[in-house]
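Only one chain is given next, in structure tokens, and it is the form predicted alone.
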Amino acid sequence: MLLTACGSDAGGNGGSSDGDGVTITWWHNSNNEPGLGYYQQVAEDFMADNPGVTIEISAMQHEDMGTKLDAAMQSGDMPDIFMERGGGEMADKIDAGLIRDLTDDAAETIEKLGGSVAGWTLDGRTYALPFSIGVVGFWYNTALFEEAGITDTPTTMDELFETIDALKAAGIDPISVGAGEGWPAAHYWYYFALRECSEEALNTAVSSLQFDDPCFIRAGEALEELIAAEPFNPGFLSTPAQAGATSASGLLATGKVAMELAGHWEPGVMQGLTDDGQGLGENTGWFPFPTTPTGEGDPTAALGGGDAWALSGDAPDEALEFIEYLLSDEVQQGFAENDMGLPTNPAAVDSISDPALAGLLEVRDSAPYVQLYLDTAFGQAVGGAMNDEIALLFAGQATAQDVVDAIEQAAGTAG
């Protein structure tokens, strides 16, 4: 009864019915193991307990899913269940009436999730149930660091440059980046902005979309300095993020590079890109983004965000029951055991099996604040223009000032 269509163009229609039951469409981005098989089993278990309900899954690459969700939003034909990242992206869907208000119908689950729902709450109403919230940092191969004689992970940019030099001297490509997808490269600018700018400056920029604080120029200049050090894998400008062994995640997973800046999803992604299903296994390490010498930001603040399950405006009640099941103790514990991310259900926290991922949970919970991915915070139009200009900076075709100008022009706040 379960239909899995990777990259399917299937949309949602409010839960179609043939008179004998209801069919629910579910889009997610766990398109490799262990997540692909785990979510399929979860859906099968739910259907076994709910006769008459059929769940049609579309499991696709993250980038493909984003493109298809954008198209679905434009057409008004959303899947019943989809991943929602919050911020300006969610606000756009609310304004268009394309996302269901869950505040009252999922009150008990929302209470259980506690403060983690804040990123999906607007004007006191909650529109999605977060299942994973984490932070971005450098995942690294501890064995390659040891081979290069590196005994401590870098905490400052000067130390990161020393690490890059040591890896190069050992004949090891230091860092992979999936610049071909845009957003992995953009994360560097986001993080430099987090280090260079005070929390107040960031909050002002998010609310006003004005970037007249000089810290944003410094962020771009810091990124230019890093790019000039040539730390990235050959062909990084066309490298995909997570698709296959030659992607940025694949290069790290197979020992071709020493580091990658990525989020809490990385261990699970790497497991699906190695023949043994172990990813880096015991050689998995993690360290936070280094500080900058001129930074005004809190050095322990983190860049991050999460993923939540949302419903289309006309999704049936069975779809609501299913996403609440996805947030249940049992399902979230399995999610954690498979290293698919950092669970939001408190009952699942102790089920995380990867030591590095468990350590990341401590970083998340101890950070003074976590800055939401800036493209998500700004919304599709502004965030897309920003990411495009940052990609040009990586290619040497834009400057630090060009990035700020592109954001303000997209927001209509230039000048």
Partner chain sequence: MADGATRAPSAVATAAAAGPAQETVRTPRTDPPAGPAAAAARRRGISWRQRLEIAVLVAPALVLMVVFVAWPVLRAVQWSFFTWKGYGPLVDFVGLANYVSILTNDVFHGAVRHNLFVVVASIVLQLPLGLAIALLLNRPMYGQGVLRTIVFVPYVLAEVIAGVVWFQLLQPRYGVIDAWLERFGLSGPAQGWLGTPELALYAVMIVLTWKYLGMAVILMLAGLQGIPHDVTEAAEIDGASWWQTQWRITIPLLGPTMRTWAFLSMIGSLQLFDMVWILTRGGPANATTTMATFLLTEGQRRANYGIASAASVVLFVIALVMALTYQRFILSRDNTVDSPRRGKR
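For clarity, a rigid core is taken as the largest C-alpha set superposing within 1.5 Å between two forms. Note that the structure is predicted; figures quoted are calculated from it, not measured. Numbering follows the first chain given and starts at 1.
What comes next is about the form predicted in complex with its partner chain, which is not displayed.
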Checklist entry - Does its partner chain come within 4.5 Å of any heavy atom of Q74 in the predicted bound form? => result yes
Checklist entry - How about E330: is it within 4.5 Å of its partner chain in the predicted bound form, going by heavy atoms? => result no
Next on the checklist: Quick check on G384: any heavy atom within 4.5 Å of its partner chain in the predicted bound form?
Outcome noted: yes
Checklist entry - Any of the heavy atoms of H187 lying within 4.5 Å of its partner chain in the predicted bound form? => result no
Checklist outcome for this item: Per contact check vs its partner chain in the predicted bound form (non-hydrogen atom within 4.5 angstroms), the hit among 299-307, 208-216, 172-180, 156-164 is 172-180
Checklist entry - Of the options T246, N283, S198, T274, which one has a non-hydrogen atom that comes within 4.5 Å of its partner chain in the predicted bound form? => result T246
Checklist outcome for this item: Heavy atom within 4.5 Å of its partner chain in the predicted bound form, from candidates V117, L226, V135, L98, belongs to L98
Checklist entry - Is any part of 391-405 within 4.5 angstroms of its partner chain in the predicted bound form by a non-hydrogen atom, and which residues would that be? => result L392, A395, Q397
Next on the checklist: Quick check: E63 between the shown form and the other one - does its CA shift reach 2 Å or more after fitting the rigid core?
Outcome noted: yes
Next on the checklist: Superposed on the rigid core, does the Cα of I99 end up 2 angstroms or more away between the shown form and the other one?
Outcome noted: yes
Item to check | Core-aligned C-alpha movement of F192 between the shown form and the other one, 2 Å or more | outcome: no
